[in-house]
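Structure 1 and structure 2 below are two forms of the same protein chain, each written out on its own as C-alpha cells.
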Structure 1
C-alpha cells in the first residue's frame, strides 16, 4: 500500500513541479533557516516551525507567505505566528501576528497561502525570526481502515520532507515526534534517522522554492481519537451569582473502524491488548470553583464520573456508558455552574463576560462548535470580541418566567482544537434592577390571586336580584342570624346556671348563705332580662316561613331551657333552705336527688338541641 500512496504522492509532486516551474519568483525574501517539528503524540498533528527570514532584495517586505498543500489545508484548524526576539535561552516570543488567507497571483493552484503581516516592514538585509504553529485535524489517517478488537491501531501521516515555501530555503531540518516507538514504516530520504519515537530529517541545504518531497509515516497510535462531531455549548449568565455552562457532545471515535465482534470478556481480561484502540474515559478541565456538576445523556444520569478539584482547576473524569471503539459513537451532556464574579466583570459602564471558547476536554477535536451566550433578560447593546474569526448570529431564548426573552449571542466555528481555548468577551449593558423583575412578577401574581379570592368571597355574583331563590336565600340568612342570636342568649342563660351552681359550691365551702342568696337574686334578674330579649326573636321566627322547620326545635329549646331554669332555682332554694335549717349532707342530697336527675337530663337535651340547630 505504501507503494500506492507513494505513487499518488509522486503524481501530486509531478503536478506540483509543473506548477512550480511555471511560477514566478515572488520576492527577494530568503528563508535562511527553517526548523520544523511535527508533534503526532495526540490525534492532532501540530507542526511548529521556526523560520528565519532575510530580505535579500531592494524593496522592503511587509508580509511573509506560508504555503500549505490543498490536501492539508482543509484540515488546518489553527495557525498562528509570533516574532521571536533574542537568541538561545533569552528568546521570547512576542505578540501573535495577523495571519490571513492570501491569494497571490500566479501561484500553483494546489497550494493555499496564508500571509503573515510583519509588525514592521523588513528592510534590505534585515532578518526576522518567526515561530509558526499550525494544527491539523483528521490528518492521521487510520490504516488499515477497519480493524478488529485485537488488532493494533495504525495510522498514516503524510507531509513533505522539505519545507514547502515560495521562497528559497537555505538550511532546514525536520523532526517528527511519535507517541510510541513502534513505527510500521516511514519514508526514508537522505539524512534520515530514528531516535526512539522520533524521526529526524535533514538538515537539507539550499533548496529552491516549492521544493517538495513527500513523506509518509505509518505508526501505532493508541491515544484517544475523541472527535466531537458536534458540540453545543450554552453559557447562561444569571446576575444572581451564577454562570451556568451546559455542553452537549456528540462524540465519535475517529480512529480505524471496528469490525466484527466486540467481546466484553476479552476487553475485561486483557484491556491493554484487546482494547488498546478504545478509549474509555475523557478528562475535562473545568475552571476552579465549578459546582453543581452533572453528567447525563438523553436517558438519564451516567454514574461513572469522578471530580477532583483544587484551587487552580476542577478536573472531571468522565466515562461514557461504554468504551468507544473505532467508529462507535456516543452522546452526552455535561453541565456546571461557575461563580459569576470569576467570569463577569464591569468596565466603563459595560459588563463583559470573559470565558474560554472551546471544549474543556483534554485533546478533543471538535468538528463543529456552536457557542451560545445567553445574556440576562433586559441586556442591551451587546458586542463580541473573539481572538479568531467566528460566525456570529443572534437569537432570543425564552427561559424561566421571561416576558421578552433573553438575548442570545450564537457563535459558530468549525474545526476547533484545544488551541482555540482562548478567552473571548461578550460586552453588554444590563441594569441591575431588571434582576428584580421576575420576583416582582411572582409577588404580584400571588398578590392578585389572593385579591381575586377575597373579591370572589365578598362579591355577590347572583345574576338576578329579584328571583325567588335569591330572596329565599336572603331570608334564610336572616333566619340563621336570628337562630344564632337565640343560641347566644341560651348560652348566656347556661352560663348563668353555671354561676348558680358555683354559688352552691361556694356555699358548701364557706357556708355563706347570704352571698349565695345574693347570687341567686342576680342570676334571677339576668335570666329574666334574657328571656325578655328572647321574645322578639322567637316572634320573628314565627313570622318567617322559611324558619318553619326549625321553629319547633327552637321553641323546644327555649321551653327546655325555661324548665331547666326553674329546676335549678328550685334546687338552689332547697339547698339554701336546708343549709339554713342545718340539715345533714345526706338529707340534702336526698332532697335534691330527683331534681338533680331532671337537671342532668335537661342539660343533655339542651346540648343535643343546640348541636342539632348548629348543624342546620
Structure 2
C-alpha cells in the first residue's frame, strides 16, 4: 500500500511540475516579501500568508492572482484576503477584499487561480501588503490508513516549501506549526530547522515565478477529526419572544480507520494509550443567553453533557454515548432557545434575522450543511444576505394552528469550516396583527366547543316515540327484563334444590328423619310459589313477537328445571324411605345411582342454557 501511495504522489508531482513549467509568466508584479504560516494543530489546514506586492510594470494593476494546485483546490473551504495597514505593532487588517475564481489565459488546468480585487489600482512603484487566509479540509491524510486501538494516529501533509505564485518572489519564508513535537519524518530543504513542534523553511531569495518545491510532513495528530457528514440547522422565529434553534448532526471520525477489536477495559484503564486516536467530547459555543438546552439522539435524552456560561458565551460540553475511533459514526440533536430581541431587528420597514451561519462546534468540518430559517406565518417579501456564496431554496412548513403554512428559507453549502460561522441576514415583512391570528383561532375554537356542548345538553336528540324503531326498542327492553326475571326465578329454584340436598346431608350426619321431611315440605311450598310466578312471564314471551328467537331456549330452561325438581324429589323420597327401613348405605346408593346421574346431567344442561340466554 505504501509503495502505491508513494508512486501516486510522485506521478501527481510530475504532472504538476510539467504544468508549471509550461505556464506563462506574469511579470507586472513582484512579491518583495512573503511570509507563510501553516497551522496543522487541528484537522483543518490553515495557511496564513502575508504578501507584500510591488508594481514593477508600466501600467497600473487592479488585481493580484493566487495560484493553488488543483489537488489542493478541491479541498479549499475558505479563502479571504485583507489589506494590512500600518507597520510594526500598529499594523491592522482592513476590510475583506473581494476574492473570486479567475481563469487567466494560457494557464494550465493543473493550477486553480483566484483573483484578489484591490481597493484601488496599484500604480507603478506602489506597493500593498495583504493578509491571505486559506483553510483546507481533508488535507491531513491518515498514514497508515488503518490502525488498531493502541496504535499512534499519524497523518501526512503535503505542500510546497516555495511559495507558488505567477509572480517572482524576492524573499519568502515558511513556518509549519504541528500539534505535537513528535515528527515521524519531514522533507528537508536548504535552510530548514525544527524548534519543538514547529518546522521552519527559509528564508529563500530570488525565486522565479511558479517556483515549486514539494514537502511532506509525517507527524502524530491526536486532535479530534470530527466530520459532520450532514448538518441540518433549523432556526424558527416566533414573534412571541423566542428564536428556537435545532441542529441535527451526523458525525463521523475522519481519521485513520479503526481495525481489530475494541476493548472497553483497556480504554478506561489507559485512555491516553489505548484510546489516544479517539475523541470523547465536542465543545459547542452558543450565544450568551441561550436557554432550554437539550441534547438527545434516537434512543432518547443524553445526560453526559455539561453547560457553563457567562455574559459573553454559553458553552456546552457534549459527550457521545461512546468514544469515537476512526470511521465510527454517531448521530444526535441539540436544541436551544434564544431571546428574540437579540437576533431579530427592524430596519426601513422590514424585520431581519441576524445570526451566525455555521456550526457552533469547535473545529468541526461540515461536508454538507442545510440551514432552514422558518419565518412566522404571514411573512412576505423576504430576501437573504450572506458573506459568501450559498445555494438558496424556499419551502413551506405546516405547524400547529397554521392555515397557510410558514415560509422557510433554505440555505445549502458544502465544505464548511468554523471560518464560515459568520453572521448572515434574512429580511422579511411581517404585520404585527398576524400575531393575533393563532390566539383568535384558539379562542374561537374553544367558544364553538362550549356552544356545541350547550346545544347538545339542551336539545332532545332521542328518536321519536311514535316511530317503529322506538317501539321495537321498547318491546325488546321488556323482553330482556322478562327474561332476566325468569333467570332470577330459576336461580331461586336452584337455591331451593341446594337446600334440599343439604337436608339429605344433615340426615346422613344426624339421622333426624323428621327434620329432613320438614325441609322437603318447605321446599315443596317454595317451588310451587315460584312456578306460579313463572306462568305469566312465559305467557308474555309467547305473546310478544320480538321474543320469538329466544322463547324456545327459555321454555327448554323451564322444562329442564321442572324435570330436575322431579328427580330431586324422587331422590329425596328414596333416601328418606331407606333411613326409615334402616337399609345399609351401600344399598341406598344403589337405589339412587341412576337418579343421581340424571340430576348431574340436568344441572349441566341448565347451566349451559343460562349462559346461552345471557349471550343473547
Partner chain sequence: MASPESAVNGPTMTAGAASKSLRNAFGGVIAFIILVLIGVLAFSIRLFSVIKYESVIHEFDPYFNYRVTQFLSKNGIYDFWNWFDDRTWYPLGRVIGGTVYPGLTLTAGTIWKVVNSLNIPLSVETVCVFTAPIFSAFASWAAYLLTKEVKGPGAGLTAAALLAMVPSYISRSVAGSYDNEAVAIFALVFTFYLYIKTLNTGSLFYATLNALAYFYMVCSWGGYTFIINLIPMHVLLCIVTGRYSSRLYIAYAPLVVLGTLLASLVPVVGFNAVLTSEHFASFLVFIIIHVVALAYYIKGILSPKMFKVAVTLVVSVGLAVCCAVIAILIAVVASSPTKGWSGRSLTLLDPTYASKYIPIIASVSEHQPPTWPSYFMDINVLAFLVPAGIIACFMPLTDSSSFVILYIVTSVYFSGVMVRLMLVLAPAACILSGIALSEAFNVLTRSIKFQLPGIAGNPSIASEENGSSTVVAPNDIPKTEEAAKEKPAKKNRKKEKENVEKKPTPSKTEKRLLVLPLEASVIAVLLLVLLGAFYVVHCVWAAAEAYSAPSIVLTSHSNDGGLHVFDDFREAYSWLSHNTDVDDKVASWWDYGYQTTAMANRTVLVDNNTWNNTHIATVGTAMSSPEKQAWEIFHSLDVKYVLVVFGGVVGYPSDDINKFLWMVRIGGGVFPHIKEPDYLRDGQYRIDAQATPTMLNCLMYKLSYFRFVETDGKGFDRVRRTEIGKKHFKLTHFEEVFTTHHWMVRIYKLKPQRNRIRGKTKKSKSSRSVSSKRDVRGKRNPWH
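Positions refer to the first chain, counted from 1. Values in this document were obtained by computation on a predicted structure and should not be read as measured data. In this text, rigid core is short for the largest set of C-alphas that superpose within 1.5 Å between two forms.
**Q** Does the form predicted in complex with its partner chain correspond to structure 1 or to structure 2?
**A** Of the two forms shown, it is structure 1 that corresponds to the form predicted in complex with its partner chain, while structure 2 does not.
**Q** Spell out whether the Cα of residue 329 moves at least 2 Å between the two structures when the two forms are superposed on their rigid core.
**A** No, residue 329 moves less than 2 Å.
**Q** Using a rigid core alignment, state whether the CA of residue 574 is displaced by 2 Å or more between the two structures.
**A** Yes, its C-alpha moves 2 Å or more.
**Q** Inspect the rigid-core superposition and answer whether the C-alpha of residue 162 shifts by 2 angstroms or more between the two structures.
**A** No; residue 162 is a residue whose C-alpha shifts by less than 2 Å between the two structures when the cores are overlaid.
**Q** Residue 454: how far does its C-alpha move between the two structures, core aligned, in angstrom?
**A** Shift of residue 454 at C-alpha, rigid core superposed: 3.0 Å.
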